[in-house]
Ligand SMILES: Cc1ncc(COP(=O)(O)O)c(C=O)c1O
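Shown here is one chain on its own, the form predicted on its own, set out as structure tokens.
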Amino acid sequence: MSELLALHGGRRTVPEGFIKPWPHVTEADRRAVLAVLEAARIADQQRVQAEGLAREWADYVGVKHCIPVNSGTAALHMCVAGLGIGPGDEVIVPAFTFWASAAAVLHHNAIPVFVDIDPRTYCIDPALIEAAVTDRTRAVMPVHIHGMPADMDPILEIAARHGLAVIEDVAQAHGARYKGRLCGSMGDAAGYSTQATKTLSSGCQGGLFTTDDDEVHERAALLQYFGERVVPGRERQDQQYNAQGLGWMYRGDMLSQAFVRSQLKRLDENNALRAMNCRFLTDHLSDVPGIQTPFVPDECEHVYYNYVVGFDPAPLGLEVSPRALRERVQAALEAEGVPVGQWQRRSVPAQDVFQRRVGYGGGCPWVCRASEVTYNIEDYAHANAFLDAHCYVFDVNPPNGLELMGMYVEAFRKVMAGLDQLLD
């Protein structure tokens, strides 16, 4: 007889309070932030932290230019603007991502065109990109989802063949590598998020824009501060109050930038620890019937922003849908103390903004540019199937280690062995 599940009053596997939160804040992080507050002229720290982070991140990625901003969405919008993408232009985006990837396109009155994902990696499927190219297509935006690098070589080849720009969405993949190359270093421009949960965390909000192209950098920089190029902290000396174009207020803040700079010193170490935790989970869960563990191609160095688990009732001989199995197992795991849950609940093209073409002022950019782009939910079968069958295991980050991962494995085995308690 299977052990009584915590959901039904049994022993909880992961003790209350055992899991340590992310980001892991060290004394060095505290000193970095405190140094900003203790500076003789705190206003000068706007320039010091922004310039320091820009230099350090550009050096890490191996690109010429970086602009720290207040969100990953802002960074992606700057990519779109910097590449000269304009009203009515089309940008190819994966159907499964956070909708900010597509929002950055809409922010510049361009039109997202979605393609389905690779069912193994959950990144954009390069084999589907070319069919989505039209005479309006200007760029493709691969998203390195969950810390998994997209298959960049065929994407870059297709882009070169059609004269398209490549925007890398690296919001979840700081330090991930594809064939030895860092994600964010392969396309024409890249946007990163440093939101609190990210592998490179600000503890709050933030983002990073990068490019190797001087002209793209110049155009993108105008978006950061109301259409002017002004060094943070030197407004009184340098600002002309003459907008050279339409700009936003996308600057980051100095305290979070100081925190990111401190965290950057441990990014590779933290990524290695996270990968070790996740490889342990895969090693111990891959032989559990009904559980699907992440597939990692040999050429990819996954940094596991999240650990993704799929549920397949077929090997169990169950007459239930993958979604029904996932929902019941997920509830049982939560009761065992394992932090699991959903992230996206529907594909991006299935969201109201695309189904209703909300956009700007009565349906722009679609109506204003006579766009024939359609968003049929059924066209994204792999994205839909992923959303039904998968959940996330959270808190695989350091300083949590293999002791906690062992508890996660124990909880999974306990729940999967006790399915009779869930499916009556």
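If you're wondering where the values come from, they're calculated on a predicted model, not measured in any experiment. The first residue of the sequence shown is number 1, and the count goes up from there.
Omitted here: the form predicted in complex with this ligand. The next part is about that form.
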> Among 280-288, 120-128, 91-99, 210-218, which stretch has residues whose heavy atoms lie within 4.5 Å of this ligand in the predicted complex?
Replying inline: 91-99
> So, in the predicted complex, is W343 in contact with this ligand at a 4.5 angstroms heavy atom limit?
Replying inline: yes
>> So in the predicted complex, is this ligand close enough to Q257 to count as touching (4.5 Å, heavy atoms)?
In response: no
>> Just checking whether H77 would be counted as a contact of this ligand in the predicted complex - the rule being heavy atoms within 4.5 angstroms.
In response: no
> Counting only non-hydrogen atoms and a 4.5 angstroms cut-off, does V113 reach this ligand in the predicted complex?
Replying inline: no
>> If the cut-off is 4.5 angstroms on heavy atoms, which of these, G82, G252, G72, P294, is the one near this ligand in the predicted complex?
In response: G72
> Which listed residue (A332, L200, L223, V143) meets the criterion of a heavy atom within 4.5 Å of this ligand in the predicted complex?
Replying inline: V143
>> Pick out the residues of 189-212 whose heavy atoms come within 4.5 Å of this ligand in the predicted complex.
In response: S193, Q195, K198, G206
